[in-house]
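Take a look at this single chain in structure tokens; it is the form predicted on its own.
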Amino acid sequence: MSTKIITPVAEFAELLPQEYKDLVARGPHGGRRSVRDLGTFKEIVDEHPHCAGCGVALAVRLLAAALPSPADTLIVGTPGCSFFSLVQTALNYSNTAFGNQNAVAAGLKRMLAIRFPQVHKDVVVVAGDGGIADIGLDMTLHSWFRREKITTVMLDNEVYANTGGQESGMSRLGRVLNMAPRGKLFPKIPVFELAKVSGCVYGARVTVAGPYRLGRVVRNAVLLARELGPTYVQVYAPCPTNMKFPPDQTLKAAKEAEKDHYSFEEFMSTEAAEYLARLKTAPEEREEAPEPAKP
């Protein structure tokens, strides 16, 4: 778990495209960074294979900028849209079978705690709504029940986007999709509510329309998982391809969702609140930039 994994051997270095060289030389490693530092380092290859305006790709960029210690972070994912951008970052990334990412992450976290007892090795699950809420829901919940010290981040585009537009458990009631012509017949699975009662010490529901807020809650979640137990962040990352809106309207779609059904919410245990209060007063901690004032 270091930058060595992305550093090419000298014999092949000159054969790689400039974008990859920049990713290695100017990635998110070293020093304290945050979302407000985007543009001063390279967090993802520009020519990644996501659709134009993809909310998931934007969420991955913001997440990469928010991690407290990228070089000592292992991202565990699953097949799906999130995979396409995560493999284009300068992060340690492991892909798993569809749905078992929380089980794999729990095992890796335990192993890393034994192998590196003096170093924080953060394990963060980053997967879509299908991997976490549908096929992987049992392993997601059981990692929370067991109080595994991992962070779970759901990139919720409310659809199986990379396989043609089928409804997922997180699609909204009544939503008509490419492969759901009659509309979704049941409400969104209440994963955020399940996190509250299943052992998570911290949780937040956000959208990609609030980058500073997203960065703050991801950082909180990772830091709290180090010390206290499982944490959960649910990010609305709309899909222009399957939701049929222009690719330059992704942030508008996310802002509309905030007013409609994806309002910001945050919960934390008493222990978590006390821990964050202590972190806030630590001299090495710098404050995140405030969110822009709402009109």
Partner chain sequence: MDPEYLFSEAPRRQVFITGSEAVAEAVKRANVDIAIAYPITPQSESMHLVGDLYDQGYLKDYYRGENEFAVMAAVHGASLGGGRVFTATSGPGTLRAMEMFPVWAGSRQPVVCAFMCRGVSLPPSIQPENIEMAMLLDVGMLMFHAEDAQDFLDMILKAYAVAEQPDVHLPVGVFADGFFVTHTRSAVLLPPDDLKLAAYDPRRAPVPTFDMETPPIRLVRDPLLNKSNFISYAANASWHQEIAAAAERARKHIRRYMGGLLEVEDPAAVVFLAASGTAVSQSREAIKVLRAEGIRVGLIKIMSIRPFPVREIEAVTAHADLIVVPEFNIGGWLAREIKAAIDNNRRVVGGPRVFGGMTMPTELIVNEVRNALSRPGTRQPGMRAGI
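Numbering follows the first chain given and starts at 1. Everything numeric here is computed off the predicted structure, so don't read it as measured data. So that the term is clear: the rigid core is the largest set of C-alpha atoms that superpose within 1.5 Å between two forms.
FYI, the form predicted together with the partner chain isn't displayed, but the following is about it.
Only one segment in the set 146-154, 171-179, 221-229, 194-202 has residues whose heavy atoms sit within 4.5 Å of the partner chain in the model of the complex; it is 146-154. For the chain shown alone, E19 is a contact residue for the partner chain in the model of the complex, at least one non-hydrogen atom being within 4.5 angstroms. Proximity of A272 to the partner chain in the model of the complex falls outside the 4.5 Å heavy atom cutoff.
For the chain shown alone, A103 is a contact residue for the partner chain in the model of the complex, at least one non-hydrogen atom being within 4.5 angstroms. At a distance threshold of 4.5 angstroms between non-hydrogen atoms, D134 is out of contact with the partner chain in the model of the complex. Checking V125, V159, L214, A90 for any heavy atom within 4.5 Å of the partner chain in the model of the complex turns up a single hit: A90.
When the partner chain is considered in the model of the complex, only one residue from P247, G30, P49, G39 comes within 4.5 Å through any heavy atom, namely P49.
Taking a 4.5 Å heavy atom cutoff to the partner chain in the model of the complex, the contacting residues in 63-82 are P70, A71, D72, T73, L74, I75.
Relative to the superposed rigid core, the position of the CA of V24 differs between the shown form and the other one by 2 Å or more.
Compared with the form shown here, the Cα atoms of A57 and L23 move at least 3 Å farther apart in the model of the complex.
The pair C54 and L16 separates in the model of the complex: their C-alpha atoms are at least 3 Å more distant from each other than in the form depicted.
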